[in-house]
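Only one chain comes next, encoded as structure tokens, the form predicted on its own.
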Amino acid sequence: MSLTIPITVDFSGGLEMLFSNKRRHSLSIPALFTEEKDGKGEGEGEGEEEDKGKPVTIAFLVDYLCKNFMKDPRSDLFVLDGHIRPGILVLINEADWELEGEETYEIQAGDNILFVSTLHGG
């Protein structure tokens, strides 16, 4: 298995301003991640099977984007309580993420993830 997964992430509806005013990002993200439990970080699991990690999901991607690509300090315009903010549509390969399992969708090589804000000031 490859160590990274190539994907494309697009932002629209004003979200691109949070990500260096760039609408399209071609990324290579880690193929696996380990969850931190009971204060243990990566590589500190109970057994070797635990250390191999889990496939990356949309939830992982959102956190990864916020930590590595969001240059604007107003992350609350994108995430709220660790989840995609209500009013942001997410499409996975042009299909509504609700049809794909939302945050639990396991990202595949070549996926196109689109985040569209429907939030407008006024």
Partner chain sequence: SNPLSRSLTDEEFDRYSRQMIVPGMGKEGQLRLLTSRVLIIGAGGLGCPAAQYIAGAGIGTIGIVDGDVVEPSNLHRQVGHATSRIGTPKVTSLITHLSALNPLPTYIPHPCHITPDNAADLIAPYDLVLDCTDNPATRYLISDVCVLLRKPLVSAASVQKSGQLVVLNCPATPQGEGLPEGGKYNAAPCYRCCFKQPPPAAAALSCGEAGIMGPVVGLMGVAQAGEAVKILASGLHAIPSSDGATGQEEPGRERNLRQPTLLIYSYDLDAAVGPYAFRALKMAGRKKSCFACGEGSRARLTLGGIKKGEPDYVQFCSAPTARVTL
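Positions refer to the first chain, counted from 1. The structure presented is a predicted model; accordingly, all values stated were derived computationally and were not measured.
Beyond what is shown, the protein has a form predicted in complex with the partner chain; the following relates to that form.
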item	value
A109 within 4.5 Å of the partner chain in the predicted complex, heavy atoms	no
Interface membership of T4, the partner chain in the predicted complex, 4.5 Å heavy atom rule	no
Partner proximity in the predicted complex: L89 to the partner chain, non-hydrogen atom cutoff 4.5 Å	yes
In the predicted complex, A31 touching the partner chain (heavy atom, 4.5 Å)	no
Within 94-119, the residues that have a heavy atom no more than 4.5 Å from the partner chain in the predicted complex	E94, A95, D96, E98, L99, N112, L114, V116, S117, T118, L119
